[in-house]
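Before any questions on how it binds or moves, here is one chain, the form predicted alone, in structure tokens.
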């Protein structure tokens, strides 16, 4: 069953919290992973792997560079679920 955008955002916030210790409410759609949330490339890859598992999607390494904001990731995951 596909997750809604709100469910993906909430799940992504939990994953970011587990990886970085950031409060889930700090993970807002407009936030940049690197500039606002201070997530480095290694943490980002861990977040991507955990998101793939949680949402049963595949995010190729070449696409990760395009996930600049939290909303980019939410949109990608929602779309990937429908593929």
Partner chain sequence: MTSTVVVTGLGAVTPLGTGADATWRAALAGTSGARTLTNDWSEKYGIPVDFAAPIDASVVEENLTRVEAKRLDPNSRFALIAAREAWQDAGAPEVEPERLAVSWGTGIGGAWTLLNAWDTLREEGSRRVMPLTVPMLMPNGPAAAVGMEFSARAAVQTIVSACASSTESIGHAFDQLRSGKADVVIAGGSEAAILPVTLSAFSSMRALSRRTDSPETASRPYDIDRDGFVMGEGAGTLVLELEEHAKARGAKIYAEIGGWGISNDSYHITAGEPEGRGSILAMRQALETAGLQPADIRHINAHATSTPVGDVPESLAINALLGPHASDAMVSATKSMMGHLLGGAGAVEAVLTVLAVQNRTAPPTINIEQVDPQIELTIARDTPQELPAGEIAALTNSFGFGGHNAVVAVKSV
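Numbering follows the first chain given and starts at 1. Owing to the predicted nature of the structure, the values given are computational and were not obtained by experimental measurement.
This protein has a second form, the form predicted together with its partner chain, left out of what is shown; the following refers to that one.
- When contacts are defined as a non-hydrogen atom within 4.5 Å, all of 20, 43 and 46 contact its partner chain in the predicted complex.
- Under a 4.5 angstroms non-hydrogen atom cutoff, its partner chain in the predicted complex has residue 59 among its neighbouring residues.
- When contacts are judged by a 4.5 Å heavy atom cut-off, residue 52 counts as touching its partner chain in the predicted complex.
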